[in-house]
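The chain below stands alone, shown as structure tokens; this is the form predicted alone.
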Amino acid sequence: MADLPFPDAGKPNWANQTIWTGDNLDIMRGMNSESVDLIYLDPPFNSKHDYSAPIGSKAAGAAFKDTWGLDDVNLAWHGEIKHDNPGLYDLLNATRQVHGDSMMSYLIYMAIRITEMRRLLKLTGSIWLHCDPTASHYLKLLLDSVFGRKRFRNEIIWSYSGWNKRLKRHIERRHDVVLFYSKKEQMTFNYPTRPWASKDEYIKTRKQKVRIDDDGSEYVLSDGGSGQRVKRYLDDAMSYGIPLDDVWRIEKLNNSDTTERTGYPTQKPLALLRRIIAVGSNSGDTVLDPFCGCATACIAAQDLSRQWVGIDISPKAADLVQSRMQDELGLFYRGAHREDIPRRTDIGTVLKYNDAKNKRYLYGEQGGYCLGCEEHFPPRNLTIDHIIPRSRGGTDHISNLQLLCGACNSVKGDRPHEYLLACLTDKGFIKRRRAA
């Protein structure tokens, strides 16, 4: 079967300013590949706390728990990782030995979603994962496994002040971590700078002597390469700003902030999100926040003339993005609030999934073997099945179809293929496959 044309490859299959309510895994599986320029996520941290917004605040009603156990994840995801990424699977098991079920469950939840996020990123795209020291070192290993360790760019330290206490067992913790990875070597990157506070700061930092020109203008002599010194007027030299390092001092929101604070329990400041989006994207690019909460990333993207899309399990996010656009940006929200699962449009025209042509093609591709138990069968004993069900964002495209024997098809039912693999592996019917 010849490859079909993909006319919408790389194009979003949603409208700008869309907020989805639902499981971000199912929704992302229905989004077109390579359609997003930047992903920022501020997921649960495995902090072992439950959060809720105070009554009377803009975010009242928003709540989530951040305590994890094996009952909180679909263990079929573990089966999918076991077959597709043995290295990551071994990492999860090692984590379980050190931290128990809670950390492993959390990382399973994150791993299956980060894998999907990589598919959504354009080749020049980047991902910025916000976390704290609770799991940052494990999340970095997870990102190394999914994106490749050579795609790691920075571990950014977001530091902030607070009321320090004299603690008995550790020093006061005053920072979060943002892990920055690119999809490929070439990426969108705008080096961050800040304005020089004064001429004195510039002169002191650069250790340069200010000279006076014939017309009274101030200038300095800078390195022009090859040992040459070139004259640069001081105002021009300062216009480039001072390059920032990987420690960003940006204050957290406090209860007295009346312009920005919504009451959402883990709300981050707009200044932080503006800087991230400005560094990793350009005007008109598309930003995705799959854990958008109180929609800070969406508001920052809008303020910087980016397109954006957000996903959150709570419908409160849709209410907050409307009120915040009006209150903070003075704009009327013209986007959409959706609760459905999108249908991919980047896979071209497809045949009806149970078409005989599909079965003949799949039989040849699979060599007559069931893609579950791996036993060989004649064509009449194999059934066409969706790898990811349509109810979870799967499509009828040939890339999402497989042949299963009757027994495997019965076990799988309307669940994802990883559920079947987990069942067969745990019962010893198949062995772990090696990663390609």
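Bear in mind the structure is a predicted one, so any value in this text is a computation, not a measurement. Residues carry their position along the shown sequence, with the first being 1.
This protein has a second form, the form predicted in complex with a small molecule, left out of what is shown; the following refers to that one.
A.B. asks: Is there a non-hydrogen atom of D285 within 4.5 angstroms of a non-hydrogen atom of the small molecule in the model of the complex?
C.D. replies: It does not: once the small molecule is placed as it appears in the model of the complex, D285 has no heavy atom within 4.5 Å of it.
A.B. asks: In the model of the complex, does G293 come within 4.5 Å of the small molecule, counting heavy atoms only?
C.D. replies: Contact with the small molecule, yes.
A.B. asks: Report whether the minimum heavy atom distance between N24 and the small molecule in the model of the complex is within 4.5 Å.
C.D. replies: Contact with the small molecule, yes.
A.B. asks: Does Y264 make contact with the small molecule in the model of the complex, using a 4.5 Å heavy atom cut-off?
C.D. replies: Result yes; Y264 sits at the interface with the small molecule in the model of the complex.
A.B. asks: Tell me, which of Q208, S314, S102, S136 has a heavy atom within 4.5 angstroms of the small molecule in the model of the complex?
C.D. replies: By the 4.5 Å criterion, the partner-contacting residue is S314.
A.B. asks: Check each of K183, R306, K82, K268 and return the one that places a heavy atom within 4.5 angstroms of the small molecule in the model of the complex.
C.D. replies: Looking at the other structure, the residue within range turns out to be K268.
A.B. asks: Which of 285-293, 243-251, 139-147, 174-182 has heavy atoms within 4.5 Å of the small molecule in the model of the complex?
C.D. replies: Looking at the partner contacts, the answer comes out as 285-293.
A.B. asks: Looking in the model of the complex, is the small molecule within 4.5 angstroms of a heavy atom from every one of Y40, P43 and R113?
C.D. replies: Every residue of the spot touches the small molecule in the model of the complex.
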